[in-house]
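Quick setup: one chain, the form predicted on its own, written in structure tokens, and binding and motion questions come after.
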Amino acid sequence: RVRNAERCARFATRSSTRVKHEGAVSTVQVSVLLPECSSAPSHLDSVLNNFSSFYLIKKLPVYELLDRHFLETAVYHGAVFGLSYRTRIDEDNCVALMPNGHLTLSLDKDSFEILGFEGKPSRFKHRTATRFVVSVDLTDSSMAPGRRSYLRLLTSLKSRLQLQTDFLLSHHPGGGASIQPLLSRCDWSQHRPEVNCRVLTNLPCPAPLSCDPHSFLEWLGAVDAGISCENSSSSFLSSFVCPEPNTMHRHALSVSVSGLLLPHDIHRLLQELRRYVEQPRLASWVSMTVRGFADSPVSCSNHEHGFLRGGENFYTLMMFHDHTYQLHLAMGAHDVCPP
């Protein structure tokens, strides 16, 4: 998985007392690795098991996202985030609604022509443009309900393209009431993020400060995927081994949370991990890996996202006892590297 992302792999080591997470805008999973730990402390366990719930709306007419009440009570306040569900960015029409009020439609050529609204060819097109991106700032004054651009898009989605999609929707704390009118007109179900916990024993671990960053990131991915590091060079299935130098940890805790995850919850987890690693007599580092949806129309910094081989867009934050951290950022070849 690392080799496919090498085009935009970045590595940084910094010292800071105020670490901000580099959020992939559409987060599907966050994974935590705690060396020399067999069970999470209560305060950390509470955060891991209390991520915000989200909704799955069946066959949502996309024009519903332009509803005046929904805009005024949710979108304008930055209270919601949504993403089309089980759509493939390289084949299907995909939709994303960002907390900053940007609505992005990634459309095939026929759908784009039927919609009849301003857009631009995908930057990941081939010789002939077969995919187009429509990006609209719903908070802009030109898109206010009743204005010409707003009415054009609303009419196009209602009468011309009539785009429907299964849609994941989440709201920031306190924003639940703002989406209830929308939900009342749809077929929906509520879900909580799935939490998986594994206790690993006799885990060989490379030294993060002396190990090559790409090799360490590959090891971390192998641990998360449950791939053994105890292989021989002649093995047919896998020749992967733990990078040198390494030490053996008697146990380690691997926890993942999966769903439509909000930046607010990831930031809370980050703060708790910082408090955890600062405690004496514990492991000198912890890691947090945040993965974006492979088929999201946008990735870091609201740039266009493509799939190519695997749709990679993730980052790993290594936090150390002395307040330093390492940031590993990996994007696929169909992505724009953030500055």
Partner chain sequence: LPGVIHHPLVSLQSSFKAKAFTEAFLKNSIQQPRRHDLQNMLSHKAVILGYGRPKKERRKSAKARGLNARQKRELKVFQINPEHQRYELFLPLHELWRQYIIDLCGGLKATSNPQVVQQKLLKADFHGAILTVVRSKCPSYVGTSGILVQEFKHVFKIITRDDKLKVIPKRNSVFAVEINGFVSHIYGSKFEYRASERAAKKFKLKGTIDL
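Residue numbers count along the first chain shown, from 1. Note that the structure is a prediction, hence the values are computed from the model and not measured.
Note that the form predicted together with the partner chain isn't included here; everything after this is about it.
Note on contacts: among Arg88, Lys158, Arg152, His267, the single residue with a heavy atom within 4.5 Å of the partner chain in the model of the complex is Arg152.
Interface residue among Asp92, Asp187, Asp110, Asp166 relative to the partner chain in the model of the complex, by the heavy atom within 4.5 Å criterion: Asp110. You can rule out all but one of 71-79, 215-223, 169-177, 110-118: in the model of the complex, only 110-118 has residues with a heavy atom within 4.5 Å of the partner chain.
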